[in-house]
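Take a look at this single chain, the form predicted alone, given in structure tokens.
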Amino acid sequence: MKYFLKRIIAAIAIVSTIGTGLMADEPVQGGTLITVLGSNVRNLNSSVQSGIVTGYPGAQLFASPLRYDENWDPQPYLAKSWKVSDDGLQVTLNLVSNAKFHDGVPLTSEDVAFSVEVIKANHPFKSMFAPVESVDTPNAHTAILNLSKPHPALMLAMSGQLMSIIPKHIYGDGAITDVKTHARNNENVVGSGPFKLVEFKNGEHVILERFEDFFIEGRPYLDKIVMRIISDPAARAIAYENGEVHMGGFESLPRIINRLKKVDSLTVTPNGYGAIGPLDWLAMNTQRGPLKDVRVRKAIAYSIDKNFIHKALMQGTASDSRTGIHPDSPFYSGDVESYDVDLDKANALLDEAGYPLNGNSRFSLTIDFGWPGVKPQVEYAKAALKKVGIDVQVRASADFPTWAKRMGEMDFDMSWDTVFNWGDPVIGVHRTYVSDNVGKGVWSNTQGYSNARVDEILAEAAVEVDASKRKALYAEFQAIIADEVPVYHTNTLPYHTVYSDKVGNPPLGIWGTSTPIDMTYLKK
């Protein structure tokens, strides 16, 4: 617990610098920020819905107990301070006393307790609060989270879009599980965040305005945010170039990113997505056919030229990724086998595995993909594996749910996936590699991968409160999965934030735009 207490004390000491010391210019009050979302929004209530398009408006409408700076250090938000017990089984949140919901009702510890129940019952990552057995509310501004075991991932889980505090007096009018489809999720939304909802028209826009009674004095700086929904990347690019849009996040198409980098009035940066942790990889079904043999999986890795992927397909916009943990995470270890292309080694491994060439072919595999953006990678993999005698049949799905169902049922050989870390490895990484997730009909450990030592490591890391010990455990984990290749890790998904020179203090912390932008402003 000393590690946590040390960071907490440091966080409280420097909180006064946030929003001032990190800004090059003096913040300006007022103005309407025009931003963009790349797809429709299914749900504005981020306590029951994950995803980046929910995260952006959700983080403005709802406040969370903590926020994180760009150094991965927790900072006060709804919780002005907090304390972790010596045994790690209690986390006490000392709430600010002046927080109100947008309808004027004070926010209290009862809302925190209620929100934990809602998240545990409805959120796609409900396991991030699984160790929280109960929440005590000794007074209106103290919430004590009681845990069944130490849970260091809880700190990150209480930030960003992962722990939105929602009003019990509105959402507590029915069963906990009813909140996911509550009528107030997309209409007359009431939160305690820096902005309140004016209008939501799916396919068109989300309009927010300044909440005058926000609990941080003087913020937010902006009067209004208009989030235009523009699904076509080329149309978004034109809007940026013409100055119709001031800022947007999660741009990932290489040709669009490089196009916008040429515009003098725009800054295009990959900074700020460490907690989102987006990764591209080639998943392999370890329980099916030739892929049961690790030598075959290694041969596939040695056959694929990551340099070609990085330079030709991703056009220099993505970074190398060698493990299931994002390179921007403090737990990343790149000291593992990188599988630089080596066709001789690939052919030797396939021969050794008992799959000799028969003419020009050894065996056939399928490769799936769930969205058009990764089709170039899939087609390249097909061509690359042909060089070592593996025939690949590309299978496109009718839509994302069809593909996800196929993955959940493990009805595939290989698949090109995009997966997010979501802050702490416990939240977004463990799910892919723990053997308990095999055969559960969900998009998690769809590779059917099982390693007893990996299960032990991840179980230990989930409760280890010492950061250096956790880092060592995750380093061992990354070395094992790199050696056994249930997934061949190729690159980060090149998320970029685009903002004009009119924007001051854009959100470039670890959560990207899935964080409150109460400190963002428009320059004069």
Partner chain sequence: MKVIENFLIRVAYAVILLTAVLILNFSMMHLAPGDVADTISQSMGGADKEILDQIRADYGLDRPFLIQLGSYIGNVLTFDLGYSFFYNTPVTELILQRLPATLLLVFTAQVLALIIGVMLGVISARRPNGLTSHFVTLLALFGYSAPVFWTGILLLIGFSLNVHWFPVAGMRDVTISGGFWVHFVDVARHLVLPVITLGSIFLALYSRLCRATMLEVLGSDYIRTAKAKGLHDRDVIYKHALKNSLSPVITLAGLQFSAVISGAVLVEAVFSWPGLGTLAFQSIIARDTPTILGILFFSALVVIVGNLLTDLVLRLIDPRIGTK
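Residue numbers count along the first chain shown, from 1. This structure is a prediction, so every number in the text was calculated from the model and none was measured.
The form predicted in complex with the partner chain exists for this protein as well; it is not shown, and the discussion that follows is about that form.
Shown alone here, residue 443 lies within 4.5 Å of the partner chain in the model of the complex, counting heavy atoms only.
Residue contact with the partner chain in the model of the complex: residue 431 places a heavy atom within 4.5 Å of it. Heavy atoms of residue 232 reach within 4.5 Å of the partner chain in the model of the complex, making it an interface residue. Contact between residue 469 and the partner chain in the model of the complex is not found at the 4.5 Å heavy atom cutoff. Residues with any non-hydrogen atom within 4.5 angstroms of the partner chain in the model of the complex fall in just one of 483-491, 452-460, 43-51, 65-73: 43-51. The listed set 387, 149, 405, 311 contains one residue whose heavy atoms approach the partner chain in the model of the complex to within 4.5 Å, identified as 405. Think of it this way: in the model of the complex, the partner chain has a heavy atom of just one of 106, 330, 376, 124 within 4.5 Å, and the residue is 124. Along 183-212, a non-hydrogen atom within 4.5 Å of the partner chain in the model of the complex is carried by 186, 201, 202, 203, 204, 205, 207, in order along the sequence.
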